[in-house]
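Included below are structure tokens for two forms of one protein chain, each presented in isolation as structure 1 and structure 2.
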Structure 1
């Protein structure tokens, strides 16, 4: 425990030192202000943009897209995973696809999706779903695999209905796996949607960053960038801690 705290302190110190070095480097002119602006300016720009409401439309647009993509990916992923799990033959066929899915840069489908669905929310949602679904499918499969056969026998002995078996036996056993899948799905959806906005779109946070870059507005760009990265880090951190708590409670129970 002491060791972990020591590691935490050292980590924080290293990060703080890096930020301080960047700040000093920028302030003294060792780093070209056209390349990187001082971290304090980034924070000021971020706070300014949020306070003035400039980013409001982008924030709403980006996060609603991510949310839609995430929810649809979870529904589709669980349905697909459960179906594949039910039919072993189907699983054999789907296995090579699942094994190689993430080796394909899904992102390259984005231009095709834009051509198919037009520039707007739809291709971004589909891109988010494409990035997130396999995580849910794989975690559903491993969650269902991890239900001990003896538990299913217990369910049969007690003559539980299918719905009750699902609620009392399958779900509690599969939940930790599912949760990992949801966590990954959310971060993949986030990456997919923001990348899509960044490359080719007319709204959202990714677009705001690339627009500021193209108009040489470094201050706005770094502020928006910092905001996106902070949101991503905080969201992942919360899910990570939540997952740890679930795992601990499980090992206790």
Structure 2
């Protein structure tokens, strides 16, 4: 526990120092204001946009899409990973594909998704799912591989049902790997949706950032970017804390 707190303090100190250096560089003119604005101005812009309500529609559109993509990616990823793990021949086929999946830029499918599904949330949701599912599949396979055979023998000796075996043995053993997949899936879903909004969408935070960039409105652009960054960090932090809490409960048990 002390080691984690010490690591957190060190990371926070390094981040604070970098932000201070950026602030000083921007204020003294060492960094061109047309390129980067001071962090304090980014915060002021973000607070102003949120307070005025001008980002409300974009926030709802973007994060509802990310949430749908994330939940569907988790469900599909766990189901697919469990199926692949069950059949050895399917695992032999799937492993090379999963290993090379992220070498393929999924964004190239966005025009095709728009042609098939039309403009709106649907192609963005699919793009988010395509980005996030492999991470969940890989983590599910790693988690199921980590379940010790002796634990499964214990389940058979005690004649546990499939549901009890899953709840009492498989999930606790696989949970650390699953949470790694969840955190990655959230990041990939966010990247996929935001990038999709950059390309063709007419709404959402990605579109707002792209529009501000094309309008040379650095203040608005950096304010929206900072908001997306903070939400992503907070969401991953919540998952990290939840993972740690479950791990402590598991160790006590």
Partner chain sequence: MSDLSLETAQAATATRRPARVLDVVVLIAVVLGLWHVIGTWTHGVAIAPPLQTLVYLAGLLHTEMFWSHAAATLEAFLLAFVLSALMGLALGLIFGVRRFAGEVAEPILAGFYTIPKVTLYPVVLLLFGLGMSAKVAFGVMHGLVPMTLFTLGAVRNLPPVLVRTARVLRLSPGRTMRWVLIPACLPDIVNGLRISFSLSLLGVLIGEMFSSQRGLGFLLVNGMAQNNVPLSTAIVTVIVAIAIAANTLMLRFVRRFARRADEMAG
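Positions refer to the first chain, counted from 1. This structure is a prediction, so every number in the text was calculated from the model and none was measured. Note that the rigid core is defined as the largest set of C-alphas that superpose within 1.5 Å between two forms.
Please state whether structure 1 or structure 2 is the form predicted alone.
Of the two, structure 2 is the form predicted alone.
Hinge residue among 128, 55, 221, 77, where one rigid part swings against the other between the two structures:
That leaves 55 as the hinge residue.
Can you work out the angle, in degrees, by which the smaller rigid part turns relative to the larger one between the two structures?
About the hinge, the smaller body moves through 10 degrees.
Core superposed first, then measure: what is the displacement of the CA of residue 239 between the two structures, in Å?
Between its two positions, the C-alpha of residue 239 lies 3.5 Å apart after core fitting.
Rigid core superposed: how many angstrom does the CA of residue 12 shift between the two structures?
Taking the core as reference, the C-alpha of residue 12 is shifted 5.7 Å.
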